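Next comes just one chain, in structure tokens: the form predicted alone.
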Amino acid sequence: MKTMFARAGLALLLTAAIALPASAHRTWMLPSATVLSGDDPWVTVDAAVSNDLFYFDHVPLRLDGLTVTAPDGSEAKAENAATGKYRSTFDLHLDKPGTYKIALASSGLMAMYEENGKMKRWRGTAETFAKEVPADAKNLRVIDSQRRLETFVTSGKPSDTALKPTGKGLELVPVTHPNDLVAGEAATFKLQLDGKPASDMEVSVVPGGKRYRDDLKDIKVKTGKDGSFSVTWPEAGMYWISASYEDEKTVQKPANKRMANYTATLEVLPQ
């Protein structure tokens, strides 16, 4: 009975660690525009977790860990941030010409163990793990969970300085510029895991507007040996792309399982 209970608890822990693309709820950030011009451009970005893509119907996405990389590589400031019942929102002043990367990244450990005959769950960092989880914990399972959400906006001419990967976790490396996507044309990207090609990984591409249609219209593609994949956009609109990774080989103690997720919102313009 204890073994069955432990397995059931581990399944819940895995589910909580990362929301996989196949799940009902999807996390996303949605900019009010991705390609702008003019002397004083601004964008507003919504962030939420929802059943229907880009529609506020579940819970807000918390903005902890939000970073904005400006076209020159410096950190830009998100303004007027607020979190409501169904969404979080913030404004971004594009005071430099070029491309901005907006990212929400998080990482940490999740553990489940047995104590005095009861299953316990814990969240925290590697630094606090030893202090808060008993050294003799029974049936201990620890997951190293990493998540990254991104979107991109450009003022004037596109640039690529802000697009450089950090080398940590699962990341998108654009070959085609993410603000130069056109309906009917193919775009190429690469996925990297800790700076190395993420090969043979499935990528899910879902167009927005699911609330108003019966068919998900999702596209499934796989990365090649160099981590690259291509998508031919069937129509203009906002798209949600996502990929997930898990294994028990690349983990470092105290974790015995690693899970990583990458999600981005991209706008495809008409020809």
Partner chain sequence: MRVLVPVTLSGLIASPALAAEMAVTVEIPQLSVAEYHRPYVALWVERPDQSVAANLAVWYDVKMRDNEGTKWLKDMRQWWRRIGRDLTMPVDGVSGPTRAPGEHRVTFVPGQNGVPKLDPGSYVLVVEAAREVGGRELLRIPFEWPAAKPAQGTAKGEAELGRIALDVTP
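None of these values were measured; they are calculated from a predicted model. Residue numbers count along the first chain shown, from 1.
In what follows, reference is made to the form predicted in complex with the partner chain, a form of this protein that is not presented.
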Query - Residue among Pro158, Gly108, Pro165, Pro197 with a heavy atom within 4.5 Å of the partner chain in the model of the complex - result: Pro158
**Report entry** Contacting member of Gln192, Thr151, Gln146, Asn179, with respect to the partner chain in the model of the complex [4.5 Å, heavy atom]
**Finding:** Asn179
Report summary line: TL;DR on 180-188, 114-122, 127-135, 80-88: the one with heavy atoms within 4.5 Å of the partner chain in the model of the complex is 180-188
**Report entry** Val68: touches the partner chain in the model of the complex, heavy atom cutoff 4.5 angstroms
**Finding:** no
Query - 4.5 angstroms heavy atom contact with the partner chain in the model of the complex for Asp215 - result: no
Query - Touches the partner chain in the model of the complex: Val206 (any heavy atom, 4.5 Å) - result: no
Query raised in the report: Does the partner chain come within 4.5 Å of any heavy atom of Val59 in the model of the complex?
Result: no
Query raised in the report: Which residues, if any, of 29-57 lie within 4.5 Å of the partner chain in the model of the complex when only heavy atoms count?
Result: Val35, Leu36, Ser37, Gly38, Asp39
